[in-house]
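Next comes just one chain, in structure tokens: the form predicted alone.
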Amino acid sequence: MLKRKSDTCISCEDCNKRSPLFSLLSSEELNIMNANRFEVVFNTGENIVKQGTSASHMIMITRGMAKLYLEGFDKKNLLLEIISPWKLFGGPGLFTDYRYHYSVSALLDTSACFIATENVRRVMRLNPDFAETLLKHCSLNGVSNFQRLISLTQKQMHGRLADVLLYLSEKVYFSPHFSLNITRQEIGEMSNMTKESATRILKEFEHAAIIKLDTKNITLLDIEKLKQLSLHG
């Protein structure tokens, strides 16, 4: 972990132009948001946020990729989301008990910008449009987690794994062909099953010509079949 400016962190103004949320702010409000803002560079595998620690900042990934997950009992994790650049996160703890209620770790070498919560609160009071958009952003995250809860508790393993593959294709890599930055263990953590079960079902999907596997590369050959498995899983 290194606290410094990376090649992508040229100026706050440059980042502001790339963040949809920050495009709603005036120059004065941007100055408030940028006050005491800093970037940290994380190596692959390093913790960005630790569940249970003090929540003093909202965080935005500016380069790389990270995973957001819940740490459960007996060191069992539930992976909720893959975070790509320009996604703002912090969680409900920022406005309640000032604790992070999940962990975030770097899947690649990753840069993250830390924005003081007190500055976010101040700007929210000044700019209703920003506050409403941030509320919508947080609400959409909540809706997504509700949908994941239905998948994880009411679907069979094949349906859960189909959901994961569709999520990776549609929300993370934006392509039916992608090279995974997560392990089979993490695929299991996304679908609430063991690494062995996830690996077995992936091979079943490959034998059924639903997907093609090549080491870490995955191609979705039959997206409609995956959607059927998701719907009836």
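What you are looking at is a predicted structure, and each value in this text was computed from that prediction instead of being measured. Each residue number is its position in the shown sequence, starting from 1.
This protein has a second form, the form predicted in complex with the DNA, left out of what is shown; the following refers to that one.
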| query | Even though the DNA is not shown here, does it sit in the predicted bound form so that 133, 139 and 145 each have a heavy atom within 4.5 Å? | reply | no
| said: Considering non-hydrogen atoms and a 4.5 Å limit, does the DNA approach residue 216 in the predicted bound form? | reply: yes
| Taking 4.5 angstroms as the cut-off for heavy atoms, does residue 96 touch the DNA in the predicted bound form? | no
| message | Does any part of residue 193 reach within 4.5 Å of the DNA in the predicted bound form? Heavy atoms only, please. | response | yes
| Even though the DNA is not shown here, does residue 63 get within 4.5 Å of it in the predicted bound form, heavy atoms only? | no
| query | Pick from 156 to 164, 115 to 123, 101 to 109, 82 to 90: which stretch has non-hydrogen atoms within 4.5 Å of the DNA in the predicted bound form? | reply | 156 to 164
| message | Within 4.5 Å, heavy atoms only, which of 175, 54, 183, 43 is in contact with the DNA in the predicted bound form? | response | 183
| task | Scan 199 to 227 and write down, in order along the chain, each residue with a heavy atom lying within 4.5 Å of the DNA in the predicted bound form. | result | 199, 200, 203, 215, 216
